[in-house]
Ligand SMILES: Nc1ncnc2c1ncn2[C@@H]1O[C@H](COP(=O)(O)OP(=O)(O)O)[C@@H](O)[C@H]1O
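The form predicted on its own is given below as one chain in structure tokens.
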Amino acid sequence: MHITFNRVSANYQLGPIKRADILTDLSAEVTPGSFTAVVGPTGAGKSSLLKLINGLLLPSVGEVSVGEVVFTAKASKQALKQVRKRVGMAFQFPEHQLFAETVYEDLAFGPRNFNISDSEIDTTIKHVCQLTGIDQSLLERSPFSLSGGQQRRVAIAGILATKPDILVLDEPAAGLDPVAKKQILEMLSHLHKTEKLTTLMVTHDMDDVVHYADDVIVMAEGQIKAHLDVRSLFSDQALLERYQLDVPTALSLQQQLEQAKGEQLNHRSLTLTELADYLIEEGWV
């Protein structure tokens, strides 16, 4: 499932509130099957970019392609329904999307909306529970009686129940404690690989970028400023400084060691394992 933005600009309007050109002249192509992190300062347009993919935000200029569906400012309801079946979107704090009396009913809502039969819904719910680690004993419980981590899993399972080809995730681990955060991100990474999804994830955590993403889209001022692989991003110090991007923990520690020693390593470390290997290789320890 390829995703292409072709000279796209977009306005935002909610009732009387309108902001022109929250996204401006975007052109990019997301490789099918890739895991792409979307980074940049607050207000850069990251969440709006995700909404374009799901048709929740329509281009005012240009066109968006999601698989074989191409849509513009005048997208039909049929085209948008096609897109939304193929694209699963999790907003920040996706548990706020929960609403039904039971976990089962929440998971069944999406498939029913796409006219899937009850027998197929039963099979789908069992499958997504296995994928997301939800014990089926929870299906008849209220989703609001669950822990924060469990609610997050239910919300993501509800998205998977429509069998999307693309996942777009807006800081999917926001607000979770470190253990629950790692569990959710590991789960999403596993889903990405086993279900052969194309995944885009907004994040501010550069360690998450290193550990889970293949590519990175850097956004600022409503524009895509760079689209490159992870190692290339963290090798470009000028780009990092220009858009005030943090670096992963290992690279930050390396820079502190280099400053204290007055020398530089020959490689930039993205993980603590890499840093340890480079320190040994160059005789710093």
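Everything numeric here is computed off the predicted structure, so don't read it as measured data. For every residue, the number given is its place in the sequence shown, counted from 1.
There is also a form predicted together with the named molecule; it is not shown, and the following applies to it.
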Does every residue of Ile3, Asn6 and Ala28 put a non-hydrogen atom within 4.5 angstroms of the named molecule in the model of the complex? no
Using a 4.5 Å heavy atom cut-off, which of 44 to 52, 226 to 234, 61 to 69, 28 to 36 contacts the named molecule in the model of the complex? 44 to 52
Would Leu275 count as touching the named molecule in the model of the complex under a 4.5 Å heavy atom rule? no
Is Ile22 close enough to touch the named molecule in the model of the complex, meaning at least one heavy atom pair within 4.5 Å? yes
